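Shown below, as structure tokens, is a lone chain in the form predicted on its own; questions about how it binds or moves come after it.
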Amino acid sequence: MMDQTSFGKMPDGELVKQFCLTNSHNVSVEILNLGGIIRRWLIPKDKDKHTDIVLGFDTVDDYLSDDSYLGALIGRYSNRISKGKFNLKGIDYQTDINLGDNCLHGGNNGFNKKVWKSTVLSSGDNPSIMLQLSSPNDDQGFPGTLSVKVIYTLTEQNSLKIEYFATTDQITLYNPTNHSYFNLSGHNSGSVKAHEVQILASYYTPTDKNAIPTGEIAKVDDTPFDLRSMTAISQPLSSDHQQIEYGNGLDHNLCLDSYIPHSKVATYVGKAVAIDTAINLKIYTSMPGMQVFTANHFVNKKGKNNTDYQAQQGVCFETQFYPDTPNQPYFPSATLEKNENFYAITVYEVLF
């Protein structure tokens, strides 16, 4: 089932639409055409009650002023580019600087702040919506006109499938993700430290104090980033490892063991479990990396239903290319060639 409502208006008066995708198990996901934002993700507790497993806001203005990318599609480049600089085929580019000396998540006016063209693909079983956006040449300093399409599908297996498509008329970079903050105990339930996680990644990319990769691809053995077995989030957060100190918690890219270059198949890479609600989230993707981030900077961040979000109240599983790939020759490339067809897929499956 698919319901469409008005969520509000942009400063210029443009309407922001909200689409509610619901399956026969009474699972529903609410998606905005503003930033492709996943605003609510409701899991049934009983006949009349739901657990909302993602953090979010109640107004357009809150999303436009947000610097934490709650629930949003990210582009053109997820994560960080060192000093916003890169070189493609001998040409130097300077992108927008919006976090210290670096470019984060595509710059100040990234895809999360745009109203996307929306098309309902299916309103029956497996409801589906397509969002489209054209990013012009030199948008936030990135080369080429990039045509982007994202399809969200809620399946009868309680999976949200996110498919990313793109083409460009000039060589460029493209590194998409969704930036949902999950709390499987409920968005207003407090810390996720008791959540248990498993990420099938034998390596990670250490960073400097500004979260820029050093270029090393390091083994996770004997580090807080060895999450190959089910591990309470509190465990790495309590470590005195220098990388945890740099990130003030988890904010690191894990190199996924299952990655196959150019694959169009989402393979299992990890899961999260809330012990109190018994809600499980399984993650599948075709992307090479996953940034695990525990909302370390939140302090009384006013969210949905007047909830004050605090540090570690959500955890992100951002499937993506590694950070700063254009400046790191040993990382999988996020370069998109002219007229090449980009495709990636990530699936979040909920069990309850």
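Please read all numbers here as calculations on a predicted model, not as lab measurements. Don't overthink the numbering: it's just position in the shown sequence, from 1.
FYI, the form predicted in complex with a small molecule isn't displayed, but the following is about it.
In terms of contact with the small molecule in the model of the complex, the residue from His187, His195, His179, Lys114 that brings a heavy atom within 4.5 Å is His179. Checked against the small molecule in the model of the complex, the residues Asn327, Thr307, Ser68, Gln312 give one hit for a heavy atom within 4.5 Å, which is Ser68.
Note that among 37-45, 23-31, 55-63, 286-294, the stretch whose heavy atoms approach the small molecule to within 4.5 Å in the model of the complex is 286-294. In the model of the complex, Leu104 approaches the small molecule with a heavy atom inside 4.5 Å. In the model of the complex, Glu163 stays away from the small molecule, with no heavy atom inside 4.5 Å. Heavy atoms of Asp96 never reach within 4.5 Å of the small molecule in the model of the complex, leaving it off the interface.
Contact annotation: Asp226 falls outside 4.5 Å of the small molecule in the model of the complex, judged by heavy atom distances.
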